[in-house]
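Only one chain is included here, represented as structure tokens and corresponding to the form predicted on its own.
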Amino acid sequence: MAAKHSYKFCFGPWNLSEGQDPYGPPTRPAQTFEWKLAQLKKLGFDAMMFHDDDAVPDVDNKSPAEIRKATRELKKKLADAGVAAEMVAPRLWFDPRTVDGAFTSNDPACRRYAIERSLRCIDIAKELGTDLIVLWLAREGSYLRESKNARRCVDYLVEALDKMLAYDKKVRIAIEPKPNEPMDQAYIPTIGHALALAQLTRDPARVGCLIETAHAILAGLDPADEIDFACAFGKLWSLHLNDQNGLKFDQDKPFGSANLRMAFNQVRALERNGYGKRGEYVCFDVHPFRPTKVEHWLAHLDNSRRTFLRLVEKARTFPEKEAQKLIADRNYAALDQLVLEHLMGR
């Protein structure tokens, strides 16, 4: 029997957050990027993911030469630490020009800004040695249906993707869908929408997706099914594992924290599809609980990785032959108990 592959792990600088939320200030002091980078390797992670302004602070006010210089300095820090850059994402939801959407703004000047910033993001990714651009279409939606023409907005999204694909013939774009928040309703809420949009672009083979556990749950979907669906198309290029306690705000809980069985089935889906064999990373988009003390600041990341690896063991030791017999007999009550007892360590 061939040896099972091992996984590579990743997180972003924002996953060591300071505890600020819409209702209160930070609860922990800010740490430097260098400190966060050092923690990444200590915890056994292999890569870091970036927004464009994580990589190059104040990116909008820098010249192309200044962006190159800052990116090369970052690349050296990563190389010295033995850390790869997994992806870069343009942050298209902070600037005042994206208040009513970025690619789908009603203002053509704002749409131009969003595209230009995305092209600079590609420059940054190329310098960092990654071909993967992630698009979280945070404000591509509407608060009021009457405020935008949703049919026209599909054309705007395709136009933006096409310009990015034409700008760099090697870049891959992974769309990270989410059904809501910060918008009331998003135009690309699920993986199905993302992959359908890809087919309208000039090069569908270079447009894939990123699945986040919490986003699938917020859409009322099972993340494991979304993983299987994306993998059926060969389009799952990145992954944000976390957890979510129902249809609330995006909680980014540690992986498996609220739904251990759901987490188990996500790992099973990754295993059966060979996720990671082509260099993909398992990323944890998780945040510390707000009351967390400074001395426990890293636990949510360490715990997510530990839970994932334990569930890999559970997936690989699942009594499949016994399960198949129960499935053939339609004895789903026994199958249900088999899964529960396997997870509880029978």
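The model shown is predicted, which means the values in this text are computed figures rather than measured ones. One rule holds for the numbers: they count along the sequence shown, beginning at 1.
Not on display, but discussed next: the form predicted in complex with ligand XLS.
Here is the short version: of Arg139, Arg172, His240, Lys235, the single residue with a heavy atom within 4.5 Å of ligand XLS in the predicted complex is His240. The partner is absent here, but in the predicted complex a heavy atom of Asp250, alone among Asp168, Asp95, Asp250, Asp162, sits within 4.5 Å of ligand XLS. Put simply, Glu86 is far from ligand XLS in the predicted complex: not one heavy atom of it is within 4.5 Å. The shortest heavy atom separation between Tyr332 and ligand XLS in the predicted complex exceeds 4.5 Å.
Contact check for Arg206: every heavy atom lies farther than 4.5 Å from ligand XLS in the predicted complex. Interface membership of Arg305, defined by any non-hydrogen atom within 4.5 Å of ligand XLS in the predicted complex, is ruled out. The stretch from 121-129, 259-267, 141-149, 208-216 that comes within 4.5 Å of ligand XLS in the predicted complex, counting heavy atoms only, is 208-216. Although ligand XLS is not shown here, in the predicted complex the stretch 158-179 places heavy atoms of Glu176, Lys178 within 4.5 Å of it, in sequence order.
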